[in-house]
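Have a look below at one chain only, the form predicted on its own, in structure tokens format.
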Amino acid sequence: MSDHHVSFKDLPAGGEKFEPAKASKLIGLFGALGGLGILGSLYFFLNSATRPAFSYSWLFAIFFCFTFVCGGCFWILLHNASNSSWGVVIRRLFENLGVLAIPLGLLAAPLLFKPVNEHLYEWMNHHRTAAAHAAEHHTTVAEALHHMSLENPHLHPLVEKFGYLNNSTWFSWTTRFVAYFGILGFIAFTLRNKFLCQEKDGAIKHTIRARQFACITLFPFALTVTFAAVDWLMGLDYLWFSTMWGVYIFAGCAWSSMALMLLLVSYLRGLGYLQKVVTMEHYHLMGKLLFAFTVFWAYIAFSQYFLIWYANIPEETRFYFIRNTEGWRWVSIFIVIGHFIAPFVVLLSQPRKKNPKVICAIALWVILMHLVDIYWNVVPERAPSLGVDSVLVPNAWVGDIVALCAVAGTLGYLYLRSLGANSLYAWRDPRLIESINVKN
């Protein structure tokens, strides 16, 4: 794109509308993967022999996609709260990513039911036993769990954590589960609707209200990401804990969603969209943010590892002990190199960040490494939890692929189809021209 200053006269009236027919092949691919994945998932869920291992596959796929939804919400909150101008041209794409929280919540629903979560969360099984004892002896679940801990000392942590880890109070695991998707969906829908209203009347009040709303909801968003990470992943081992876990997951959310946006913007530009509004300066800015969160993730990951290694508490060290056993050790080394060292070195160069082909290759690598990272956080718990005398459950990888196709394929299909509903960018935002003509 030339150095010509772009004005409103250079832009099409009403913004740019995406035509799904132009992306019919990719939409069809996502639809096929999602449909076949859901059929395969039904088979694995309904088969009692495959359900235990597939429960971990489903959690892995759901949480992997959940991180992108969280990332989409984070970037629209940050853009509005900081009154950022450069991101106006890509903000709508993040808004559409955030609203996938609702369909993702529906896909995540199997995790709420006993036939699935009994294989994932040991603490729930102890609570169910305690609930049965409580009903029999006319006492509370907390008291029954306390009596159980007298015979089994390993249950003492569950007694202490009962206020949080429970399914029998108003602040239960199930209540929080539903709330997470509701909060994210509310944030994304509200912010998107404010700017859609602005496209009708052009009033600046919508920009001001969006900024106020973003400042208010940043804290609930942070709690949502942190609590979801603790509930769904840390809860796989109720003895384990880490004060840095929420920040670790958040770093991956922001990192991976920015990489996805680089790919999406490049794909849309390849179809002829966003040619006048997205420049190499935007690629450079997104590349710098990708670099920043590469370093931030590494800092948090190392800090968590160092603190756990230094404290040497058995309940904490078990997390890394499992992931440094046999084959998982090589995955851990691969994450150190591929998640930090490789992208850090490549993203140091300014020309690479301004080259769409190069930065898209890096973005693909980032998403791959994020996939490996989430897999590494979920799946190593599967074999010991299911009593398999190996680091891996035989043939369970098939279910992992099926679950990923089901969830990612369905969401990818819905996302691309939704792009045609409104303009690809907020065409009446007062900061649009400033965003288009941004200079680093």
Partner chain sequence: MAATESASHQDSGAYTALDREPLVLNNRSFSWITNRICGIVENKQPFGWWVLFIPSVILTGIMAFCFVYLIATGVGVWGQKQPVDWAWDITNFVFWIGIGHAGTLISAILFLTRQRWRTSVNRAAEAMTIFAVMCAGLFPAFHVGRVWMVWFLAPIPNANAIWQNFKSPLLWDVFAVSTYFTVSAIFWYLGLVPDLATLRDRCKPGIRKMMYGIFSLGWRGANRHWSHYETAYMLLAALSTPLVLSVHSVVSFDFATSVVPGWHATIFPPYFVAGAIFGGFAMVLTLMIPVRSIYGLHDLITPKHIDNMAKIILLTGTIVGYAYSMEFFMAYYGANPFELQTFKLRGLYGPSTWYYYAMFGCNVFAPQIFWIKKMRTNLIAVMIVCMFVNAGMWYERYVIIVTTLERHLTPGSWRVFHATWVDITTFIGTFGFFMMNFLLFLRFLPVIAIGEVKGVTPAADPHAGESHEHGVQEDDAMGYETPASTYPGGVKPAATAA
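Quantities reported herein were computed from a predicted structural model and do not represent experimental measurements. Positions refer to the first chain, counted from 1.
Not pictured, yet referred to below: the form predicted in complex with its partner chain.
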Answer range among 365 to 373, 93 to 101, 78 to 86, 271 to 279 for contact with its partner chain, defined in the model of the complex as heavy atoms within 4.5 Å: 78 to 86
Heavy atom of residue 118 within 4.5 Å of its partner chain in the model of the complex: no
Residue 15 within 4.5 Å of its partner chain in the model of the complex, heavy atoms: no
Exercise: residue 430 in contact with its partner chain in the model of the complex, heavy atom 4.5 Å: yes
Partner proximity in the model of the complex: residue 240 to its partner chain, non-hydrogen atom cutoff 4.5 Å: yes
Sole residue of 318, 128, 146, 161 within 4.5 Å of its partner chain in the model of the complex, by heavy atom: 161
Sole residue of 105, 343, 235, 185 within 4.5 Å of its partner chain in the model of the complex, by heavy atom: 235
Within 298 to 336, the residues that have a heavy atom no more than 4.5 Å from its partner chain in the model of the complex: 299, 300, 303, 304, 306, 307, 308, 310, 311, 313, 315, 316
